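Single chain ahead, by itself, as structure tokens, in the form predicted alone.
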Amino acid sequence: MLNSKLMLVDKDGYTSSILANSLYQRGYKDIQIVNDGNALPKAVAESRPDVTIFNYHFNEFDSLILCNTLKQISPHSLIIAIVSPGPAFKTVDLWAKQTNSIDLIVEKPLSDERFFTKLNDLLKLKISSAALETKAQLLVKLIPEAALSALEPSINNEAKMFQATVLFTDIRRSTELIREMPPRIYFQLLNDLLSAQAKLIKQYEGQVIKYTGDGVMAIFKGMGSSYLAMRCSLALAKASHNITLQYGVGVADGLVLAGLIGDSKSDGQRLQYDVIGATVHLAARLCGMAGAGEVITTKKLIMLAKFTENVARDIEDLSIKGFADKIDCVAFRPYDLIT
């Protein structure tokens, strides 16, 4: 807290120097004084203070307007107004309620420790809020995009069924490769690969549901989802050509069930968002059958997507574990078509 940047705004150089000295004696070393309101926006933009302290003088309404400007320039900076009791306090209090541009109003005179205690408490709150925001940003990165809606309080935790196209990728010879190279190098290559795959999936309006160790699982929903999923699968397969960690791709379309899985009734238990169903199993099985740089999907999906890309090979009457009926499939090898 004592390392925080403070900015004092006061046209009266004498009173601002007294307050600056009091703050310095209490351990605040990074203090900047601004006596000219016109110079304030530039000063805030350059230094990004943690707290800006206004010594408000009665009938200086322009300084209140400056509070709004400062919040726009540096929204995470706290603003404190030091105000005389009476009409001045009422003016500033009304402005604060109307605009939300002032975080704390302190009455003069500052003859005791109340102001410094409040400043200290406000900085503690700012530090705590910043830490929570950092954790929240990290959690957002850890939670699949499709799962965010399930976390909203207004939405119950019931699983939802909907039509989707499911896509899987999986590295070929991963066990062999991880034995051949140092684990850290393999991990870095894997991380770079999965990041690139996720970027491609997002480009084609898909959503990554989870990373499966050596690949990703993604879904495509809505109008044109099957076509977008197939375009994405070919782009992914092309990207697998001539790299160390080559992979196959499987795609299937149908009904899926999505929701939070885990013990939601007991405190401290972990919940996980997942998408399940026969369509998911089919896409995973097809991915497992695909060679490096190859996409395998069903003929039904190709017809649904009105997909006209050249087929590398037909796979008629394919028997797939867990499915009673045989399935007609097709395979694409995009890099074989590169000219």
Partner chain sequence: MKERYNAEQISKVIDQALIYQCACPAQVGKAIFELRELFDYQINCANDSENNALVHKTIAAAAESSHEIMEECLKQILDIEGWNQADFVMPESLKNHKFKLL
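Please read all numbers here as calculations on a predicted model, not as lab measurements. Positions refer to the first chain, counted from 1.
In what follows, reference is made to the form predicted in complex with its partner chain, a form of this protein that is not presented.
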### Query
Each of P41, V44 and S63 near its partner chain in the model of the complex, meaning some heavy atom within 4.5 Å?
no
## Note on the structure
Among 172-180, 205-213, 84-92, 218-226, the stretch whose residues bring a heavy atom within 4.5 Å of its partner chain in the model of the complex is 84-92
### Task
Note which of S111, S128, N191, Q72 lies within 4.5 Å of its partner chain in the model of the complex, where distance is taken over heavy atoms; exactly one does.
S111
### in the model of the complex, N21 touching its partner chain (heavy atom, 4.5 Å)
yes
### Query
Though only this chain appears here, would N55 touch its partner chain in the model of the complex if you measure heavy atom gaps against 4.5 Å?
yes
### Message
Since only the chain is shown here, I'm wondering whether Q25 would be in contact with its partner chain in the model of the complex (any heavy atom pair within 4.5 Å).
### Response
yes
### Query
Using heavy atoms and a 4.5 Å limit, would one call D103 a contact residue for its partner chain in the model of the complex?
no
